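The chain below stands alone, shown as structure tokens; this is the form predicted alone.
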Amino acid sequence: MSNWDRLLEGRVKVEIKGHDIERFLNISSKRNLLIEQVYQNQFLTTPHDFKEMKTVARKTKVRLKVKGRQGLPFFLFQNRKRKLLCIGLMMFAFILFVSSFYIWDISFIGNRRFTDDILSKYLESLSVHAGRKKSDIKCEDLEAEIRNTFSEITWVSVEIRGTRLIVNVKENEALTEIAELEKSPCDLVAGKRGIIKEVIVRNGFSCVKVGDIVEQGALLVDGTIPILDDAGNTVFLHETHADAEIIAETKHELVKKLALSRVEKVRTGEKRSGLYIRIFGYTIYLLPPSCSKLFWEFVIDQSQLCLLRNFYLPVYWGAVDAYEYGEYERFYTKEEVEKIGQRYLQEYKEKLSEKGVQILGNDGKIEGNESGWTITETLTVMENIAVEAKTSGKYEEN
């Protein structure tokens, strides 16, 4: 029996005295009368079972004495003349009743690749969020939406328990589906300017060779293949889906601009601590007053009210620390700009490496003027520059 059931039903603390206590306990047990937390001739039972025990007590010649009462029924009886308290309890019960029709907590289970934040933002785009009416959420439709949007999720289950929306997902650990190859006719053209270093043609007619310098948009592999007769004459043109890797040495130009200065926050050392309460979207900070004209940064340790395991309410509270800080304008030094440029370049290199691009080298410069700083980086890389384009040839017969 849960603590919630004990609270609703109430408990009576009973003291037992006599010479035949063991017989009393045996008979009560056979009659399925509740006896719990037995300690030093005292135990707890329900109000209803206590009335039934009086007959057993007379039969076994033991005395029962009430030592205390606990639970909601006794609390209400003791405060039956307090009208404001009764009105408050009725309002609280009404709020609980109305709140039970809404979602106040969204939980995700089994997600690794997609974080809770990513999935939460996606659900918000579907108007599924805390405070949404439960009757407006169709679990089966939501499951289908998640599966269609996230191809890496192979299984999803959405269910509503109490005021919680629980999304249970299973992500595929490996690539299980091979993308269907595009079979429509196409050519391959240069996605950017470069010097051809390697040509690997699987399907189509190569139009370039190693050492050629090609401009962006130049034809690399022709998807229209001429079919010749024994005399060397073109019988017809066959359109195919060109497939090749055209590796070229190319340049990547990176430009990042910075202002001459930035605004920095510096804490003064002043701190205020207190409590934080948020109810139905309204926030209250219980903090000591401050006469400071500076800014305050709040750090909150938040908890949500949960009456039962799956019955959450839009009530949040916790400890809050407020740190005073000031703002001032600080000019960048050249060393700081260089570090920013290095970090920016490193992030870009990592993205290229993930795509399988080989980096040969880089050259950069930093320029400053009255309007700000300009960071310029030139990367020399080896990459596949072939991109698909509509074929220019047509099926023809002589």
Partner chain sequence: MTKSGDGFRAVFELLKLPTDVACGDTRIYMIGKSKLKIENYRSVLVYSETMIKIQLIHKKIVIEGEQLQIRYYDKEEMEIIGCIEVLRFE
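Since the structure is predicted, the reported quantities are computational estimates derived from the model, not experimental observations. What we label the rigid core is the largest C-alpha set whose atoms superpose within 1.5 Å from one form to the other. Residue numbers count along the first chain shown, from 1.
Beyond what is shown, the protein has a form predicted together with its partner chain; the following relates to that form.
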item: Candidate from S29, Q342, T55, S353 lying within 4.5 Å of its partner chain in the predicted bound form - any heavy atom; value: S29
item: Heavy atom within 4.5 Å of its partner chain in the predicted bound form - residue from M382, I375, L25, L379; value: L25
item: Touches its partner chain in the predicted bound form: I366 (any heavy atom, 4.5 Å); value: no
item: Close approach of Y39 to its partner chain in the predicted bound form, 4.5 Å, heavy atom; value: yes
item: Partner contact for I35 in the predicted bound form: its partner chain, 4.5 angstroms, heavy atom; value: yes
item: Per-stretch contact check against its partner chain in the predicted bound form, the hit in 39 to 47, 356 to 364, 66 to 74, 334 to 342 (non-hydrogen atom, 4.5 angstroms); value: 39 to 47
item: C-alpha of I16 moved at least 2 Å between the shown form and the other one on rigid core; value: yes
item: Displaced residue check between the shown form and the other one: M382, CA, 2 Å or over, core reference; value: no
